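One chain is shown next in structure tokens, namely the form predicted alone.
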């Protein structure tokens, strides 16, 4: 049996883009330690676990992600560490943690990662998500367990910054073929504000790595739009991306 480090953990903030609802969601694990009535989101936490003593942090993150959620082959990025002495806010949380892991726990530092996934019935990764996990809208994610509401705020700030300055991460949330409306909608959902359509498309054209594929949408009730793809070679040649669109 692997020995766990009682002072070091990994937590995974898994963002899901729901294009049907035009919303950004997070995947949370539901415990049963607080009374249902009046507990708010205190039973909800991010998928996470203590780190095995001889395990690399990235290895631990991918292991935990797969074991707790069933997800594989998703974009995963380490973004911060959280180590305040009062991270465990309630005695019930400490008792739950010690019972869950079978060891004495005092202060725990967590290394946080964020992951990206499309909430889409056609996305095979979405179908792997296990029981006791559910999607909630980030607008309804206050008062999470431990300090996970704070972790979420830092994760969302990091995601927004990465979307602007490392725009290729947007492709983790899009199918291989997409419309410019889909791309703009993704930016608006994550950044939380509306973007001027004409200006957005001018900047995309200037960036040069979002290219038309000579196909249009099929099976839609409206006028079919042109489909595009991400050209990695052109992106690498001009890796400034489209940050200038937001500056």
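Numbering follows the first chain given and starts at 1. These numbers come from a predicted model, not from an experiment.
If you look for the form predicted in complex with the DNA, you will not find it shown, but the lines that follow are about it.
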Answer range among 40-48, 23-31, 200-208, 53-61 for contact with the DNA, defined in the model of the complex as heavy atoms within 4.5 Å: 200-208
Although the partner isn't part of this model, could you tell me whether residue 223 comes within 4.5 Å of the DNA in the model of the complex, counting any heavy atom of the residue? yes
Is residue 196 close enough to touch the DNA in the model of the complex, meaning at least one heavy atom pair within 4.5 Å? yes
